[in-house]
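Consider the single chain below, provided in structure tokens and representing the form predicted on its own.
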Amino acid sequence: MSSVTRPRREADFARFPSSTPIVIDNGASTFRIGWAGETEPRAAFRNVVQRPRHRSTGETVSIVGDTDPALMKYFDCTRSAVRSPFDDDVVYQFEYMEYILDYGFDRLGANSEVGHPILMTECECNPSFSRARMAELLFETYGVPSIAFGIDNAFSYKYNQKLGNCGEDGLAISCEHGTCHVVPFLKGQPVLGACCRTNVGGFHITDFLRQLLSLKYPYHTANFTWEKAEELKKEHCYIALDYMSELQIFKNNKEEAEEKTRYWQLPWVPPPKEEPPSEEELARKAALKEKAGQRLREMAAAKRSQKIVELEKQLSYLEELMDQLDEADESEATAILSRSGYLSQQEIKSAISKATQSLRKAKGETNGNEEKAEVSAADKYPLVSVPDEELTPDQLKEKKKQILLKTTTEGKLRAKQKRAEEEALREKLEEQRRAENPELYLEELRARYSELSEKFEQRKRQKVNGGQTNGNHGSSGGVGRGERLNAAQKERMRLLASAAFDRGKGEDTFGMRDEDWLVYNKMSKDNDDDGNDDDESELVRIASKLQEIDPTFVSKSEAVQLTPEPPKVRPLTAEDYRIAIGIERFRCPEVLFQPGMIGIDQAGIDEMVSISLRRLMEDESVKQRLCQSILVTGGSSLFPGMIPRLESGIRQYRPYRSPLKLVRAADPIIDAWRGAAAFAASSKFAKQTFSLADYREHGENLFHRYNIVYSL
């Protein structure tokens, strides 16, 4: 974006007599101020205010108009947005309007009071309360002797009438910043009762363009500022003669669409190329790695030394405790055990054995045969062999737990040994069958693998679906809890119910017999999926056998794992920072003709002409005369294709072969100010103003019937 040029302060304010009017074109987009009779305004700037805080002093400052990004870095703008005094071309925020007028009069050269008559432009049918507040502000704050309000479109039409671009009777179509207006003129004066307005303008086009680009390129949203969107709109947007035909071009004709597409290259810096590290860098990294490793080794050695000291203290305490028990009688031994927290000497011996092994492991000592002897059953379960008469009630409870654990462990060992023997026998038989008939053996393996795979997949589907079947189980298709339980779960529930029923009928002796292991095994939750685990292990074994015999075999689990990895994120290139503006070029200005595209249920500017002519209570000959002198003004009228599209749209609402002539204003942006300056310089201007005395006498009622007579 180009650098912002602030208007300079004029130095010839005192040269103009107090009777020379000051002309203000108070547009929603741009504020223009100058002297009557001149052809160019002295100052022009955006009609906005921003009040940020200075980062160093914390002082709030008022910034009017365009801001320089190089200077805004010194201000905190997070809590201060750009504000406009306008809402749909009507001034509502007079606090901001005062900041703008202060700045405008200062640029014109005024010091304190202005002391000159004021001619200010406004929109069509401006509300009386807005006129009254503006007059009050000018009278009481700036000491203005007299004021006149006029419609900007009327001044533009009269100025172009003077240039010969339009006749005395005609239509003015104004496409402005926040609104669009159609005003008919009869005998050189606007017919305000027949004017038409829609709340769509250049602001909505810029905002729509910014939204479309942000949705199209979400990673570059920060680059689509309001100022940049405004610049792109002015440079690249155009109005299509036929919107649907233009859409078809971008849909079907790629070559023509490419010709109409414009590109905006965002700043992009290529990433630096990664060079292989030098020998010095590798040596430095190796030294750092070795240093970190040495630090970790020192920390591990210190931790190991601390653990050795603790184990030695524990072992010394246990050995000393055993010496005390050996020397004490039975009553003293019981007291020593209760103080120490151990139940018997066997438990202390087991603790000494464990502490000794831990100490040897911490010191790195190993046996000569590199084998670790398992702790004997007497050390693991010291209370099993002790008679019940010698045990306390707490020790009896502990003895029952140890008996149950011992029975469980021995049962698991026997089952494991039995499975190993069966596995060895099965391997031997399979090797014999494989040697006798390899082809038949391979087919049997494949059939068995398919059967187990289907069975395994069916179980998984049942778990995921909660056991739902295709049978008739009600309208919802669900099943009860009893139908979802397998046989093992049902048997465990039966055993748990029986155990709960039998509890309290006598002494609890469960775990005293070896047969209790079978009941415990059935009651254990870990046994629910024993069948599933066996099938899964069998499936893995058969798959390994098949891979050993047939190298081309691929198991289903491996097939699932061979799914392609998601593509890696590619580095960004200059193409990713290239913004294409294609369909947005004509889609955004189309809102002037179809406001419904942005959610505004109002008429387009071509339909507004028909509405305005219907409101005009004149015969058809007058309407034909008006349609032969249609002036198009306002900033949005500068879009390429505006005049042909307007002519095509208006013809749809006019009679067949009705005469129609449209012309763009000489300068759609400044003609309103030039027309107002010429009107203020005429001798009739003084009769069109009202003074402070008139305002105090009539109040707001003055503006209900106030309308100037436009003449040049």
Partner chain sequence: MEPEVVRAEMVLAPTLPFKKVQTADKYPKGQSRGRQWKHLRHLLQAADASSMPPDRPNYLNIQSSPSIYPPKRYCDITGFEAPYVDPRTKLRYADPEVFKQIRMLPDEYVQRYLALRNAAVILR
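Computed from a predicted model, the values in this text were never measured in an experiment. Residue numbers count along the first chain shown, from 1.
Note that the form predicted in complex with the partner chain isn't included here; everything after this is about it.
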item: 4.5 Å heavy atom contact, Phe105 to the partner chain in the model of the complex; value: yes
item: Contact flag, Ala677 vs the partner chain in the model of the complex, heavy atom cut 4.5 Å; value: no
item: Residue contact check: Asn111 to the partner chain in the model of the complex, 4.5 Å heavy atom; value: yes
item: Contact of Tyr577 with the partner chain in the model of the complex (heavy atom, 4.5 Å); value: no
item: Location of the partner chain contact in the model of the complex, chosen stretch of 537 to 545, 449 to 457, 214 to 222, 339 to 347 [non-hydrogen atom, 4.5 Å]; value: 214 to 222
item: Heavy atom within 4.5 Å of the partner chain in the model of the complex - residue from Cys166, Ala135, Cys123, Leu626; value: Cys123
item: Among the candidates Tyr317, Tyr238, Trp268, Phe94, the residue which, in the model of the complex, approaches the partner chain to within 4.5 Å (heavy atoms); value: Phe94
item: Residues within stretch 589 to 617 having a non-hydrogen atom within 4.5 Å of the partner chain in the model of the complex; value: Gln594, Met597, Ile598, Gly599, Asp601, Gln602, Ala603, Glu607, Met608, Ile611, Arg615
